[in-house]
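Next up is one chain by itself, shown in structure tokens, the form predicted on its own.
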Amino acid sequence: MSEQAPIVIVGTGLSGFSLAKEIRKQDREMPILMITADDGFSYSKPMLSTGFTKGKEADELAQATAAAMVEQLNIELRTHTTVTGIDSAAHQLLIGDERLEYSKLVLAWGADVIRLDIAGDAHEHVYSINDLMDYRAFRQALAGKRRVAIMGAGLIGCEFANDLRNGGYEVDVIAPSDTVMPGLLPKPAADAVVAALTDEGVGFHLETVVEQLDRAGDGVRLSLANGETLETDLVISAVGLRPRTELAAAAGLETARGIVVNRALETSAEDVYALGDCAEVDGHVLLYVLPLMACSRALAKSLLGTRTEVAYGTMPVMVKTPCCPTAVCPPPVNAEGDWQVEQNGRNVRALFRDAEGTLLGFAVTGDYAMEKQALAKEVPPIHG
């Protein structure tokens, strides 16, 4: 490995570009090469579920083109380029037959959408929205259409349901759970979101799944397990994300739910790091913006010679459902305690306390959502 080999960052999502910006705050000249399988536009992924509400097309959600980012950050950027392997012993990245040297390698290549295997012949009408290019394709397909069915009632499914209704589209949500965001919200808070979205005109089909997707004219007929059929123009599949680990595992890096890293974001291979949606940081896989930004700040220092560990504070999640403002700070997995719920219509304050009365998590909706800052101060940090 030559001394002049660049820092190579794989991925130009929010985590990749945030890291490059943090490095540049401290060092304008360090060689940086970024590699991405997409077009390298800079955008904020959480903004993808606000486009219809804001009346913005895909390119209006982009913050900068690839060329603008090269200029702004003084980097080399290779777009539409797929990494095929990592040779960590040789400090080389493989792109087909090409071998690229790196001094330090950062994997910031995100998570893949989970795809369901569903019978039927209408799969070309099913869209997953995981990046700006996906979103652009969906917006183009939606031109002149008016009905969208969403498979999945998690955070992304609910945000798109609200956003599409704000854009004037007819929306149906299908999910196996008995309410929305089951892994994130206690039921009273989740039911408040369902009630508000229902008032907005969203149709819910819960405790069932799509069994078949058939072409019906220019649209799709969905056959549900409960015997219902729905007619729609397009389908969004929003059934979850899975951190991208395959290439890392094939290269011998330790993986679990994500690419396993310690609090300095170091993988099991020397000079290889991971951050963002692909990383399992000290046991935590958190697919949100706050942890990603904290990791970018710490890792920039480490890459420039000052090994720095990330310390996660309390990280509430804001759900972008403007019809029912919602904030949640989930209690730690396996935490012992109980939810204490106060409710006034759509306004829910749910507090998770242990036997000693310590606040370990919360979910607030409606008028109570404005209490998130104050409540977050009471919850112990993730890295206490």
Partner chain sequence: MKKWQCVVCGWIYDEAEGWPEDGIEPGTKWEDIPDDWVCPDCGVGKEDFEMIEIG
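Residue numbers count along the first chain shown, from 1. Treat the numbers as computed from the prediction; the structure is a model and nothing was measured.
The form predicted together with its partner chain exists for this protein as well; it is not shown, and the discussion that follows is about that form.
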Identify which of L33, M47, M30, L359 has a heavy atom within 4.5 Å of its partner chain in the predicted complex; exactly one of them does. M47
In the predicted complex, which of 305 to 313, 144 to 152, 187 to 195, 288 to 296 comes within 4.5 Å of its partner chain (heavy atoms)? 288 to 296
Any chance K372 has a heavy atom within 4.5 Å of its partner chain in the predicted complex? yes
Is there a non-hydrogen atom of R24 within 4.5 angstroms of a non-hydrogen atom of its partner chain in the predicted complex? no
Would M318 count as a contact of its partner chain in the predicted complex, using a 4.5 angstroms cut-off between non-hydrogen atoms? yes
Is there a non-hydrogen atom of Q63 within 4.5 angstroms of a non-hydrogen atom of its partner chain in the predicted complex? yes
